[in-house]
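One chain is shown next in structure tokens, namely the form predicted alone.
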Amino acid sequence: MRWYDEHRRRHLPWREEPGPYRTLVSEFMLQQTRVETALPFFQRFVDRFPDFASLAAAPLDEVLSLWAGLGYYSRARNLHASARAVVAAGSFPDTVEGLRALPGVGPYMAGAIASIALGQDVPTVDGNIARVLSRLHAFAGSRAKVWPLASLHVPPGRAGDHNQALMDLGSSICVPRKPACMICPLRTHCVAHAEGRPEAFPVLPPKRRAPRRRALAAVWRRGDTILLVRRPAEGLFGGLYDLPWTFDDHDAGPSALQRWLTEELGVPFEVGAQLGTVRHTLTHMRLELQLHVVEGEGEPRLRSFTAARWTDPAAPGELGLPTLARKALRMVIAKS
């Protein structure tokens, strides 16, 4: 705690005002996202939506638009739903169990919010904390089994600071590779350091290589605009606008795109030239999106998609677009 008092990261806006709302927003943003990436998004988000009421009242499209580029869009949907749940209940949950009932709030986030924003003496375990404690105890168990160790170390009255101290230690000193053990405040207590093998902990399962998948996208032009569709709420890029596209796992090519478009948009199509390929890496796949010019007559009649807009690819406005769609629109503009 002495180390944290001197070395804490002081540039984090959610720590300057660690109330329930700002803590909840920051924890959703920091799921699987680096602090440096989340910082500008956080400030824009709380400027637009400064409290639970303003976020709950906002249309989901506006929330997703502000989240665009941060990725993992289910987080934005869950944050929006959590704000609505808080407003409907009339108060913010004051227990770990109540926090767990909010959409998208798991054990780590509930412990972090309860300790940081509510001042409760409870532990939490994220990747950084799990790494520090696994090395401190030379513990080879899974992250889920680190929780009892975390409970042992919670100091009464400063659980929030203690949890954040472990996070900071794990992100700056007790890093995955080449930890800076000689300047670590826990060095004299660390079993893994004493054994000369800090990098042996935590014991992680082998990483699986993300598979490569191909997909086919339709560029349906009408004058200076192209058709964008809003994807269903659940699933990949849920609730965001995108080009209509489908996976081509069987390598069927343009004929598969033609059949799928007719089923999804209710219009006969002809598939023309390929504009190019956009590549995008997600946590669970490496996606190659082939863009094809298509021609169709009539207005789309949507089957799975929830909305459609004819949009200037150079000026999509505040539509919520995933990074993949933005890459595709840049290619459409370059090929026009």
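Sequential numbering from 1, following the sequence displayed. Quantities reported herein were computed from a predicted structural model and do not represent experimental measurements.
From this point on, the text means the form predicted in complex with the DNA, which you will not see here.
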Given the stretches 265-273, 65-73, 51-59, 301-309, which is the single one in contact with the DNA in the model of the complex, using a heavy atom cutoff of 4.5 Å?
65-73
Verify the contact flag for H284: yes if a non-hydrogen atom of it lies within 4.5 Å of a non-hydrogen atom of the DNA in the model of the complex, no if not.
yes
Do Q31 and the DNA share at least one heavy atom pair within 4.5 Å in the model of the complex?
yes
Is there a heavy atom of L257 lying 4.5 Å or less from a heavy atom of the DNA in the model of the complex?
no
Should R84 be counted as a contact of the DNA in the model of the complex, where contact means heavy atoms within 4.5 Å?
no
Exactly one of P232, G253, P185, G104 has a non-hydrogen atom within 4.5 Å of the DNA in the model of the complex; which residue is it?
G104
Answer option from D126, D168, D248, D242, heavy atom within 4.5 Å of the DNA in the model of the complex
D126
Contacts with the DNA in the model of the complex, stretch 191-216 (heavy atom within 4.5 Å)
L204, K207, R208, R209
